[in-house]
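So this one's two forms of a single chain, laid out as structure tokens and tagged structure 1 and structure 2.
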Structure 1
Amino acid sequence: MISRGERLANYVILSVFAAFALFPIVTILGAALGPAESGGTSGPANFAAAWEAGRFGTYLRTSLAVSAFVVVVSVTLSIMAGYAFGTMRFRGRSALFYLFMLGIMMPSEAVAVPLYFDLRSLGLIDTFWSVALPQVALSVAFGTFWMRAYFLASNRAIVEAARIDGASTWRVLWQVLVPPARPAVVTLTVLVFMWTWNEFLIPLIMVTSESLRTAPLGLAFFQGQYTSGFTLLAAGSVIVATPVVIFYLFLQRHFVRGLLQGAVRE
């Protein structure tokens, strides 16, 4: 049983860490709502001024389109690949899995330049696909590892019962194994969405058209071209971060459940 002193110490430690985590957020929000250096705007009006000056509407639409595509494709491919590696036995299975793991160990900075020349030879530079496809490839590596761990620990009795009833491999995956895996899938969805939304290097290298800039890239150009004041820059930062925060809060319960389940798996 935890004593009163230990409980108090836990609260103190958690409060200190919470203060460290919340201090940057409070600082940015305070700066975004404060008076602009150039005068004329303050409070919520700063967000409207930053939105108009930085053209964040276009950037957010691009980020939403890229993130939605990457999440749907990479999560779907990860489920299928994780199912294959976690439940099936075939020649070269281990070697192929470790080849997938190179995508986790290899940072995007190491492949960005070669990838640029490959996509340029295919005529895909400065297109939606030059931003989305590399991020799908990077996300599938982790997603395969994540879902494989889940399927390895799945209930084999349910799978065998479904196969005895005549269920095909495809039906076993989508109708038997995927529904109980919702917390793991939601956790993967949230992680991939956050990684894709926050990706800066790939859009910076792959696109030059303003209409294809993602929100983080647009924020960087906003800082350099449209304003030198911290107030509007802070407002732009809040605008860019808000969709991720909303998405996480909406799926928070499933996200935490998925992490807790993953903590006791392989």
Structure 2
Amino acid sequence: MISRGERLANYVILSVFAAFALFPIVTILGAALGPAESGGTSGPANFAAAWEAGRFGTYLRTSLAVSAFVVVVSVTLSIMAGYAFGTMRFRGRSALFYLFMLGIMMPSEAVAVPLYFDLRSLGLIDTFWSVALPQVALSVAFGTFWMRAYFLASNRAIVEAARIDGASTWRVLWQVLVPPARPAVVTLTVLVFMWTWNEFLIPLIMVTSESLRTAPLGLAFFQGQYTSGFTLLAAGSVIVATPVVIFYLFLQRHFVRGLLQGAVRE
């Protein structure tokens, strides 16, 4: 049905666009593997040099700790809140739900400034909590919305059966509803991990000590200090990007499908 010419045109369009998408990525990978301007290293040794000079070990550890905390806490709380919204009736249900909805649209830019000043007067600035908790709040709004949609569509008959068997609401949630919800939970986990790992403004404002810098923040400072060449900066960028890219490549099928389901569902 499709002529050879049309097929060729399709491949040309695909290739041109893939090249556009890969161009900056190839640029930075090429630079990271090239000879360093300052001399001394080249190839894979650049990564070791950048790791050393940029103290990326510390930053990655902080990012990992913050991301793990935000993912575990916000996914757990989202499952619980989504369960309540999706399967139970109570006074103020829709009003409360709309209140959560506002949080999906609220940009961190608007709340970061008052948060900084209020947390400063509480003495919480420059702590793990000042970086992690605001991001839990940002993620929990979306997560609740996400899990509610899942639980709304879940199988009511199994729930009723479990309840007749005398299961508590707690057991119904974790033993009946959550196990089949794994794809939805995985997608939520990937999204929250990605957003948290890549967040820039909140760590930028909340953190002054170097040991609490997250990886993107550390990279931005490294860029400011390291002006003598691009090679090590490129290597540092690759180091910062790699964990999420690996995570994405592993789970991309879930991730893209989940994203699409979520997008069209509402």
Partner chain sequence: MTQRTTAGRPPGEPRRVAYLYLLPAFVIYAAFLLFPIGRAVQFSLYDWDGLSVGRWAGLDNYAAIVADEGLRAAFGHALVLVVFYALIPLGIGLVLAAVLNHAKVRGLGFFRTVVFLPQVVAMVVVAVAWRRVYAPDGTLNGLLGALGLESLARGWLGEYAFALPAVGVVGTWFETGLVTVLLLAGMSRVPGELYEAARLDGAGAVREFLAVTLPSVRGEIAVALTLTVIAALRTFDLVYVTTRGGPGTSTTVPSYEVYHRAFGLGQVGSAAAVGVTLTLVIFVISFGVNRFADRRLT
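The shown structure was predicted, so the numbers you read here are calculated from the model rather than taken from an experiment. Every residue number counts along structure 1's sequence, beginning with 1. What we label the rigid core is the largest C-alpha set whose atoms superpose within 1.5 Å from one form to the other.
One chain, two forms displayed separately, with the form predicted together with the partner chain being the second of them, structure 2. Taking the rigid core as fixed, one finds a CA shift for Ser211 smaller than 2 Å between the two structures. Relative to the superposed core, Asn198 undergoes a Cα shift smaller than 2 Å between the two structures.
Core-aligned CA deviation for Thr27 between the two structures: 2 Å or greater. Relative to the superposed core, Leu14 moves its CA by 4.9 Å between the two structures. With the core fitted, the CA of Tyr248 sits 2.5 Å away from its counterpart between the two structures.
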